[in-house]
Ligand SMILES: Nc1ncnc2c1ncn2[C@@H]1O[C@H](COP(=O)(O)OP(=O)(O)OP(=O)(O)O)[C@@H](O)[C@H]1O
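So this first bit is one chain, no partners, the form predicted alone, shown in C-alpha cells.
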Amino acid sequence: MKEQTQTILEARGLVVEYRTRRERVRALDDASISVAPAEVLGIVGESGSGKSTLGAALAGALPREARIESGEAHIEDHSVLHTGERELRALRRARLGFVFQDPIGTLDPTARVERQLRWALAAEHEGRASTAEIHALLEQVRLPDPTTAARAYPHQLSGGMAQRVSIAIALANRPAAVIADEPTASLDASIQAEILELLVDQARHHSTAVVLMSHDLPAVRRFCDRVAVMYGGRVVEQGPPAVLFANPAHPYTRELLASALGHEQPGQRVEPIPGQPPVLRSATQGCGFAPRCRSVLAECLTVRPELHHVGEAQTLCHLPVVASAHQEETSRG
C-alpha cells in the first residue's frame, strides 16, 4: 500500500497499449501526473494525445483491449493496479465521481432523475436518501425547479440541465476526486463556462480534486490551477496556466496555443500545427514531436528528453537545456 500523502490521484510512468489481432498501439508512453485536494488540473492536447486513456487508467476503468505495461496509478493510498475488481468498483463508487461529454447519453434513459440520485447516494445512505436530500443536491447545481427536475426523465431535460444532474450525481457522495472528460463539448457555447464554473465551485467547496480533459484552452486557462500538456502519450509540459499560456517552454505547447481559436491576439493569424500526431507502436527513440517541430535539434531525433524545470513549469524538451548551456558559456566567455 502506498504511503498516505496529500495526493488524491497519481500516475507515475504509465505505459498503456491497446491490442487487437492486427496491431498494437501505445496510447500512453511514460505518462505522469498528480492532483491534490481542491486542485483543478487541466489536461490538454490534440485528439489522440492520450488524455482520455490517462483518465481511464487513473480510475482503473480501461477497456478490455487496453493493457498497462508498466508504471503506477493510485487513488489516494490505493494502487489501481493491485486492487481486485470488486474492491476497485467499491473504491470508485465511494471516492471518484465522473462527468462525461454527453450528459443525456450518460444518464439512464429509463429512470427518473430522482431515482438515479438515490442510486448514487445508496452506499452512503443505505438506500434511504430522503426527497429533501435529493432536492438539496439539485439546488446545489443551481437547477431552478428541483421538484420538477427530480421527476423528469433524461430526455425531458436540456443538455445543460442534464449536465447539472450529472454533476450532482458525480458529487453526491463528496468524492475525493472527479474526472471530467470534455464535460461541455456537447453543450451550447452560451452555457459552457457556466457549467464549468459550477463544477469547479462545487468541487472546491468540498475539497474535491478535479482532472479536467478539454480542448477548450481559454476555459482551461480560466478555471484550472495547473495545466498538463499531452503529446504522443506523454505529459510534455505542465505548470500554472499563467506561466504556460504566457511563456510556454515546449514547442508543442507554443504550436497548440497558436492553433487554438480564442487564444489569438487581435490581428494574429491562427496557424495549424504542421504534420500529424504520431501513432505509436513502441516507445519513441527521441522526442515524439521532433518530426513536426520547427525548432528541432539533432539530439531531438535520437535522445529521449527527460523532465526539466523551467521556472514554475516542467517540460520534456532539449531546447531549454541547450539554451541554458549556451547562456552559461556566453557568461563565462
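Residues carry their position along the shown sequence, with the first being 1. Just so it is clear, the model here is predicted, and its values are computed rather than measured.
One more form of this protein should be noted, the form predicted in complex with the ligand, which is absent from this view; the next part is about it.
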Of E72, E182, E114, E76, which residue is found within 4.5 angstroms of the ligand in the model of the complex when only non-hydrogen atoms are counted? E182
The ligand: the contacting residue among A283, V303, L307, V279 in the model of the complex [heavy atom, 4.5 Å]: V279
State yes or no: in the model of the complex, is some non-hydrogen atom of H215 no more than 4.5 angstroms from a non-hydrogen atom of the ligand? yes
Distance check, D30 to the ligand in the model of the complex, heavy atom within 4.5 Å: no
Although the ligand is absent from this view, report whether G50 comes within 4.5 Å of it in the model of the complex, heavy atoms only. yes
How about V15: is it within 4.5 Å of the ligand in the model of the complex, going by heavy atoms? no
Would you confirm whether the three residues V25, E46 and E65 all fall within 4.5 Å of the ligand in the model of the complex, going by non-hydrogen atoms? yes
